[in-house]
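One chain follows as structure tokens, the form predicted on its own.
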Amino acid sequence: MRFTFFRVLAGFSLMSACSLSETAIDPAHMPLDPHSYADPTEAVVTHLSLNITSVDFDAHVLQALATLTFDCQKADTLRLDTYGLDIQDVRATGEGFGEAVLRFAAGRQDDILGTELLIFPEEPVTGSYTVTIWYKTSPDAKALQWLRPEQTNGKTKPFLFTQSQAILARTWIPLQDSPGIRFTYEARVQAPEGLMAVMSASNPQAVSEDSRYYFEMKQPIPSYLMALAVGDLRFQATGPRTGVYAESAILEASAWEFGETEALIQAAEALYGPYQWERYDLLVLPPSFPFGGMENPRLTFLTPTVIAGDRSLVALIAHELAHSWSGNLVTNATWNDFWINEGFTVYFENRIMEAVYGADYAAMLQSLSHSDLTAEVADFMENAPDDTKLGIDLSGRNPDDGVTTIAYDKGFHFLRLIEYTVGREAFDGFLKDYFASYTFQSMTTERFIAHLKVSLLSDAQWEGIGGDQWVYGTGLPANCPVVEPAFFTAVDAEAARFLSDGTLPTETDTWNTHQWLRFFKALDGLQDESAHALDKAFHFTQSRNSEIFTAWAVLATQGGLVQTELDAQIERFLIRVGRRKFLSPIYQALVEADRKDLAISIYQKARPGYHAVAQETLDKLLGVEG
């Protein structure tokens, strides 16, 4: 971080800031976060006024000022998280403090955590205190992905999007970048001419004539849910409180694919109480977005790889919607508690899918989840057994190391086990009360277990299900629930017949994506000749369904299928798509098939178009220096 003192440009304007949260500091429920420099016992950010005065696509820089309101307890130092920010000026701007220039300095520094920003009030402060920070981001800010026109869906105008989770908000805003600290915010963004800006807040539905946009988030959120996108966007409503933002080239297809979103919301509300974020819109991003979705409140960010043309991948929407309760309302206090967000969300997602599409469909998703979980647990037990714990310790590590099926699927199956133990009716009542009781609060693993024991499970029941082993033990307990979905009966029979005598599956016209994935999983060890026969019959190499193509590319590569067309399609796919879920297994399969040279050759072409999150994962996998 480069710290320089100079007077702000005349064009900048201060925004008034006020705290919209009346929640007092409660240190007992704000544990010190190993991934943040913030000390909540001294000061907590309660409101942010953000003014982005320049979105510079040429320099890849945001110029901005952040006005932060703190709730202080005898604070003589305000501690913020930053990473690569150029801090230009800091002033006290709250009522009663005039506009005093404040001293600031770089504090502790760490390759993962970035640089601590220390701000020194003129005297120790108790109560509300507001400072304004003038700054600009680095061209290498990890949260910001700047896309050239040719990298977008429309191919004509540039695009910017952010990805703040887990600890990347500090690369574009100076904040207390911890999930246990929540704040309300308002923002102004001056976008380039003709481009629309949207955020995780109230949003426009048309392009502004002067390219100026105003946003407001009245509900308190953690920093990782701060989100911004700027691009050639248009909006299409899909329901009374739902709609889709996308580039014109994919807007119509996107709106159709996600046309049942309102039904998903209604199913969720019937389960666990009212949706508290007013609107639920979707933003379909260019293909380089590294995740399937990101649950930014009011505006879920989505990969275009879920546009399959048959609504077969809408479980992802159910997942991100479920986060509006589990994660956005009740949030993991630190990244060591990540399963509190994701395990609950996978459970909730599955219940939504059951309500809308039926129990057999939900059971199919449960089975795939269990299959993925057992495979990853087996791998971790060989290489990093401690990473199979729900109550993981990520101190000194990048919190992205905890983004595995353990948090998602082991957490999900643990909650299913509790449901089976007490009965669905009792568990639903518990969850509904849980979301209502801890709305807009953070939750540690230990606090949740204590609440569970008081509100639902007796000590004998906790011991009976092996609760401590599930949360703090390694591996997958033997009492993990398993289902045998009816939707997979025919698929398993076809797979067994193919493996036995090479008979190709029939009557597959009604198979959905998940059934094909089950079929592929049953063909582990598929050999070159059989792979050729399957591909000739079903044209998987030419599939435009990203889930099917990825599963096929991995299966065929592991089976030794080497053909010019498959290699060409793999290269096109890896250059076009940036979703880490698809990238990692294909690159891994190429490495394991002794084709690392091809993997690296493709990666060198594709890497500039990947988000920093994906780059970090693949640099490590391929042994490539960024």
Ligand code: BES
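Note that the structure is predicted; figures quoted are calculated from it, not measured. From 1 onward, residues are counted along the sequence shown.
One more form of this protein, predicted in complex with the named molecule, exists but is not displayed; see below.
Contact here is defined as any heavy atom lying within 4.5 Å of the named molecule in the predicted bound form, and by that definition each of Q165, H323 and E342 is a contact residue. Out of the listed residues A75, V403, L271, I418, V403 is the one that sits within 4.5 Å of the named molecule in the predicted bound form by at least one heavy atom. Taking F291, F448, W462, W134 one by one, only a single residue has any non-hydrogen atom within 4.5 Å of the named molecule in the predicted bound form, and it is F291.
Shown alone here, R579 lies within 4.5 Å of the named molecule in the predicted bound form, counting heavy atoms only.
Although the partner is absent here, Y408 sits close enough that one of its heavy atoms falls within 4.5 Å of the named molecule in the predicted bound form. Among heavy atoms of F412, none comes within 4.5 Å of the named molecule in the predicted bound form. The named molecule is not shown here, but in the predicted bound form it comes within 4.5 Å of a heavy atom of H319. In short, of 182-190, 240-248, 196-204, 165-173 it is 165-173 that has heavy atoms within 4.5 Å of the named molecule in the predicted bound form.
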